[in-house]
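First, one chain by itself in structure tokens, the form predicted on its own.
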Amino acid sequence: MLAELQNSIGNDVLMGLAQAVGAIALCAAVVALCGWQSVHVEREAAVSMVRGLVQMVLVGAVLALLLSGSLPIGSLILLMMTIAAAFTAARRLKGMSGALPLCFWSIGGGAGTIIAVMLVTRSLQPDISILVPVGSMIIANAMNACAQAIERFRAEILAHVGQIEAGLSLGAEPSITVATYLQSGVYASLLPRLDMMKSLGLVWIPGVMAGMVVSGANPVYAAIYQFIVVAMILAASGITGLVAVVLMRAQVFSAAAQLTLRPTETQRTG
């Protein structure tokens, strides 16, 4: 029986690798087509595909070993994912001081709050085979929301330095001078998730529902649970975006209420 199980797992892995080769070949053809139009992403695409495949194989191997793990182990895995997400988001915010801790607390605050609420309300089971996949989706979306909120907030401030300093010179509070730009940053982090919610079931059927249906769950229940997951992603993104811009707002003003964020020479001439 054990030998049959090992053979079955081995066959599944070999079939998966063969399918992955087919997917890589298709991506390579698209990259070549882009190169024909002088859009050169060959190196980045190759690195991304290799990293993606290796990372997913490693994740699958780890989950196979920890499939019977407890809630603390699942929480530790999600914490490591949050740290990795913070590093990824911070890399997109080049030149910004304190980007890494800002991203970590924003992503952790947004995703962590929502995952905790889902566990308390039993919307998410502590079973590691459910906790980690669903939690990772929430963390990944929180990561994107963090970067989008900060990028928009920073861009708005850099584009309106004169107006902000004029308001400060007239005695306005720093938070008042950037209130409109803060709102813009939070909205930018929510917009993709709002569009995702609107298109749910019409444009795409997400993976959680598809996986539940394939595994034999009631399709109606699977659809409702998928909606819950997407709603939690929206909530986590909102919290993350709000925390990110509020923390950044505290960084862009000095103790004397002076604006410290300035356009670089490249941004001025660009």
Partner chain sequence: MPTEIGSPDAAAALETRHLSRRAGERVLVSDVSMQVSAGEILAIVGPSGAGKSSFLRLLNRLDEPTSGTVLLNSRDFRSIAPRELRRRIGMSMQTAYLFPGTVAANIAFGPRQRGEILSCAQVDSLLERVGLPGFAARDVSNLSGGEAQRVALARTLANEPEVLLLDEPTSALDETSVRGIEDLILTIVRERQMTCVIVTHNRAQAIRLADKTMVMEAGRSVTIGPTSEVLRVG
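Being a predicted model, the structure only gives us computed values, none of them experimental. Positions refer to the first chain, counted from 1.
Another form exists, predicted in complex with its partner chain; not displayed. Remarks below refer to it.
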Can any non-hydrogen atom of Gly95 be found within 4.5 angstroms of its partner chain in the predicted bound form?
no
Looking in the predicted bound form, any heavy atom of Ser199 within 4.5 Å of its partner chain?
no
Spell out, yes or no, whether the shortest heavy atom distance between Asn11 and its partner chain in the predicted bound form is within 4.5 Å.
no
is_contact(Gly167, its partner chain) in the predicted bound form, heavy atom dist at most 4.5 Å
yes
Would you kindly say which of Ile83, Ala172, Leu158, Leu100 lies with a heavy atom within 4.5 Å of its partner chain in the predicted bound form?
Ala172
Could you tell me which one of Leu71, Leu79, Ile176, Leu191 places a heavy atom within 4.5 Å of its partner chain in the predicted bound form?
Ile176
Residues in 128-165 that come within 4.5 Å of its partner chain in the predicted bound form by at least one heavy atom, in order, are Gly162, Gln163, Glu165
